[in-house]
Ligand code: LLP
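Next up is one chain by itself, shown in structure tokens, the form predicted alone.
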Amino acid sequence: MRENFKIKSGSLVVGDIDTLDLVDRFGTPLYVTDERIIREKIDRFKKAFPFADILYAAKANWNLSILRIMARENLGSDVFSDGELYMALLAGINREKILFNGNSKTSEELSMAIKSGVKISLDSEDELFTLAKVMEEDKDTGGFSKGAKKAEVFFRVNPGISVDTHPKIATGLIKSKFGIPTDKIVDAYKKTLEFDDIVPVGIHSHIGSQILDISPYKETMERLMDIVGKLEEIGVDIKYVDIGGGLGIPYNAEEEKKAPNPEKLASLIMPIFEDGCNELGIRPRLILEPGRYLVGDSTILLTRVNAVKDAYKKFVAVDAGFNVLIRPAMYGSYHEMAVANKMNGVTKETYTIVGPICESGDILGEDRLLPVVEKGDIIAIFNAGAYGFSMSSQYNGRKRPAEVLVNGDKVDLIRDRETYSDIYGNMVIPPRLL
């Protein structure tokens, strides 16, 4: 939220840099990330879980520089595609701490995961059989020599647990597309024992995203440890217990009052995990997959006002739309806003902030009380570090924005603003149309 940032001479400041200087230099729309905030969040998670493996959820923000920060901090990564795996490896994240997750992996992705030496979270028995087939084919084609590679796998279990979050990001519900139901999970592990080159080493669960009421984690951990006990009985040696991520952040003042933190999560789940391990006489590693919590409030989106229109409502039209930040249109999400060049201004008017996309749903914020807004002003949209650029698009033929990273008085461009060639670069006109 805005409390993470400073005000100087009426302007919003990130680190030690005036946001107005940033837009003069890099233009708008512009994503601006404060590295200090990310590292502080990482440190807090590490201290709360000193003996766990922390795997950053790359889907939240897979900019190469962000992933590089995670690598420098010795975090692993939860990846959901071949592209995210490629980026995590390119950033230098330890492949021993990478888990390839996902409910619909291609044969090519599974092959890439095996050849990269990363662990795989299987989402179905069908995926297990596909993995076995891929490994045989790779051996036959010389992808790796027979016996030289073994696949270390988890299964993702669907615990059938409801959480208080948006339905589109509640992933542990019984009706969710993710994971294997608890009553079928043991049978899935039994099938892995039929393969010499596939070794079950962990169990995985993820119940949702933007979770503010952490009580469901307690039941999730209890169910996971109950399943671990059943797996030990059939001879599966569980080395990792992955409870996923999903810890929420406050997007408004009301959520600030109940926002959880890593310490609260640790005090809730660690006793259950440790008691379960002691009872079974095992010592697996606990894995957590924070994403939004580490990067969400580190970033603001700066967008310039193109027009102010007094119509049915007072509309403020800016140069960023849902092609740049889709969360408000997709989830009805709230992002706090301010006028970056009028931070000391008195709030006088109620505005609805809209983008330039040819869709009526291109609304970034409704009925916001702000100082008087004029053409040329800069609107700052807070908490844009998670699922911001990573969910952006070129809809309406619009070029995606630049990203910069601030660390104190240092500013680095970490993604160039797109050009027209980025829009048409992969298109091919067939000769008959020339």
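Don't overthink the numbering: it's just position in the shown sequence, from 1. Small disclaimer: the values here were computed from a predicted structure and weren't measured.
Not on display, but discussed next: the form predicted in complex with the ligand.
Under a 4.5 angstroms heavy atom criterion, identify the one residue in S298, S209, T303, S77 near the ligand in the predicted complex.
If I apply the 4.5 Å criterion carefully, the residue I get is S209.
Looking at G179, P200, G245, G355, which has any heavy atom no more than 4.5 Å from the ligand in the predicted complex?
Of the candidates G179, P200, G245, G355, G245 is the one lying within 4.5 Å of the ligand in the predicted complex.
Spell out, yes or no, whether the shortest heavy atom distance between M391 and the ligand in the predicted complex is within 4.5 Å.
Output for M391 is yes: heavy atoms within 4.5 Å of the ligand.
Is K59 close enough to the ligand in the predicted complex to count, meaning some heavy atom within 4.5 Å?
Close contact exists here: in the predicted complex, K59 approaches the ligand to within 4.5 Å, heavy atoms only.
Please determine whether R327 contacts the ligand in the predicted complex, using a 4.5 Å cut-off between heavy atoms.
Flag for R327 set to yes.
Under a 4.5 Å heavy atom criterion, is F382 part of the interface with the ligand in the predicted complex?
No - in the predicted complex, heavy atoms of F382 and the ligand never come within 4.5 Å of each other.
One stretch from 258-266, 190-198, 327-335, 360-368 that, in the predicted complex, holds residues within 4.5 Å of the ligand by heavy atom:
Going through the listed ranges, the match is 327-335.
For the stretch 283-298, I need every residue with any heavy atom inside 4.5 Å of the ligand in the predicted complex, listed N to C.
Heavy-atom contacts within 4.5 Å come from E289, P290, G291, R292.
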